[in-house]
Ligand SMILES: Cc1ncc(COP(=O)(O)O)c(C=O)c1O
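A single chain comes next, written as structure tokens; it is the form predicted on its own.
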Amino acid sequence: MSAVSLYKQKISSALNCQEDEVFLYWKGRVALYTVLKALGVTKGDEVLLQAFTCVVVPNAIIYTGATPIYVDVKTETFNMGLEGVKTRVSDKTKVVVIQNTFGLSTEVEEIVNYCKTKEIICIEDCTHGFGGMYNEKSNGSIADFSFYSTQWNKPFSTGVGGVLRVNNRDYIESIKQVDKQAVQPSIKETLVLNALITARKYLLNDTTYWVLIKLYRRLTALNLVVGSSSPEEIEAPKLPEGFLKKSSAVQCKTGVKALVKLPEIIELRKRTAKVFDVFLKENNKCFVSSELHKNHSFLIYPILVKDREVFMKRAEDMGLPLGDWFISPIHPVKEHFEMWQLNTDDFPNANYLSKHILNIPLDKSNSEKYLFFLKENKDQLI
């Protein structure tokens, strides 16, 4: 059995779906683009998405010629809700993208059921939530389609990578037709990716984190390594050459191994999250409500801080890795939002969160160090 076939088999088993409903891509955003193309989304159509996301999501929409229509999020869930969707739906709305931010799914069934009454297709953005559950169903099983990411620091990693899940089998053939147009990764891309995966495995730890992450981002900006987002994707929403790209054997082999450890890692994340819950709640700081836990796979733990730069510098001085998802309503873009047809002033919740949010990794066994750090810097927590 080929690496690709074995990986598909393992993915479909983990998601409890059929193998022919799974398609593999170079990155998660490619899976989203594939769906939009298969649906015939084009100029004049509108696609709803939330205004607290990664820029690659509106990029995929704009690449088709369609218009991204943003919806503000709720500060307690980091996701948009049904009422927000209702205010933005129009006669031009063809698709709604439902995001499960940081692994948290909320109001998915409500949004999907509403969209069915409007004959609108729904796509779940589960780039943070592979392996998690929503109302006792696997993340990504409710909408017509869902897509997942296996990039660095996602539920499990293949360096970069994406998975498409087709729940509405009426569109299987349309997906296959677009999938046939996808190109194979180059030898250079696969060699560089394999080198990065190896380096991450043996070199990345708490001590080296800040040095290596800065180096990685610098090399990505220079287009010298395979990055989460290429410079072209951040500079403007223009379709990069060779964007529609399949997964490589390197990613598939890495994914098969990583999937074995995923259930254990998810349980560790959930246990660690409860530790931070208790501390933040006791100190009247923002925390993830226990009511949300059953639908939260906790990719990371989100915290809100008064001054992000100060807080991150203190963490760096203590040798503690922190994440910065999302530093803007369309992370990591910081300016010229009009190119993505976004006016940040229209989305106060997304704007507020993106100015104050940071993320604590949960897949480590040193939660006591982070807890000590939070106690020492309680004055900076919101």
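A residue's number is simply how far along the shown sequence it sits, counting from 1. Fair warning: this is a prediction, and the values are worked out from it, not measured in the lab.
Beyond what is shown, the protein has a form predicted together with this ligand; the following relates to that form.
Colleague: Which of these stretches, 200-208, 147-155, 288-296, 273-281, has heavy atoms within 4.5 Å of this ligand in the predicted complex?
Modeller: One stretch meets the cut-off, namely 147-155.
Colleague: Is residue 329 one of the residues lying within 4.5 Å of this ligand in the predicted complex, judged by heavy atom distances?
Modeller: The answer is no: residue 329 has no heavy atom within 4.5 Å of this ligand.
Colleague: Please run the contact check for residue 57 against this ligand in the predicted complex: heavy atoms, 4.5 angstroms, yes or no?
Modeller: Output for residue 57 is yes: heavy atoms within 4.5 Å of this ligand.
Colleague: With the partner left out of view, is residue 161 within 4.5 angstroms of this ligand in the predicted complex by any non-hydrogen atom?
Modeller: Although this ligand is absent here, residue 161 would touch it in the predicted complex, with heavy atoms inside 4.5 Å.
Colleague: Can you tell me if residue 251 lies within 4.5 angstroms of this ligand in the predicted complex, counting non-hydrogen atoms only?
Modeller: Residue-level check for residue 251: no, no contact with this ligand.
Colleague: Are all three residues 10, 139 and 165 in contact with this ligand in the predicted complex, where contact means a non-hydrogen atom within 4.5 Å?
Modeller: No residue of the spot touches this ligand in the predicted complex.
Colleague: Could you list which residues of 15-41 come within 4.5 Å of this ligand in the predicted complex, counting heavy atoms only?
Modeller: Counting only heavy atoms within 4.5 Å of this ligand in the predicted complex, the contacting residues of 15-41 are 27, 28, 29.
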